[in-house]
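Next up: just one chain, as structure tokens, the form predicted alone.
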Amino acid sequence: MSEAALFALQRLSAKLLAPLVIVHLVLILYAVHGGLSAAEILERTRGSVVWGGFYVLFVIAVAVHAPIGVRNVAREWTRWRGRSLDAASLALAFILLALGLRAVAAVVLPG
């Protein structure tokens, strides 16, 4: 993928992540301020298509955004270039996606 396409993808994912992070942080503050326990939070999220969709979107945006940023930092701070760097970035994307979706499933899917 071209550098211009990666740049555009990272900026698009950032635009998506900004409101998602704000909503997530507001939810955390609400839960902490409201004194909700982990069990009460899970009770509210289990089986919720809305929260499941929200966090799946969040995970996808992170899985796109973070590996591109890590790739850029690695290119700037090291001599690492080429296909191996691209492969490592892609592997990071898949790892973040898999772990994130597993976390969403644990919190949203009925247990």
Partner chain sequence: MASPPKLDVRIWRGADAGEFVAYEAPLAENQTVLDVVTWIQRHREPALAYRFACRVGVCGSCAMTVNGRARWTCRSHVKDVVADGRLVIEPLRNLPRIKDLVCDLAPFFDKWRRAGGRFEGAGTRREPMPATDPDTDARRAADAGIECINCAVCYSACDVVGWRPDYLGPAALNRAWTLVNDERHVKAREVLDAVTAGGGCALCHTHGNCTEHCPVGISPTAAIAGLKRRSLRRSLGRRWRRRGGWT
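Numbering follows the first chain given and starts at 1. Nothing here was measured: the structure is a model prediction, and the numbers come from that model.
A second form of this protein, the form predicted in complex with its partner chain, is not displayed here; the remarks below concern that form.
Enquirer: Taking the shortest heavy atom distance, is residue 88 within 4.5 Å of its partner chain in the predicted complex?
Expert: Residue 88: no contact with its partner chain in the predicted complex.
Enquirer: Should residue 105 be classed as touching its partner chain in the predicted complex when contacts are defined as heavy atoms within 4.5 Å?
Expert: No, no contact at 4.5 Å.
Enquirer: Would residue 77 count as touching its partner chain in the predicted complex under a 4.5 Å heavy atom rule?
Expert: Yes, residue 77 is a contact residue.
Enquirer: Decide whether residue 109 counts as a contact residue for its partner chain in the predicted complex under a heavy atom distance cut-off of 4.5 Å.
Expert: Residue 109 lies outside the contact set for its partner chain.
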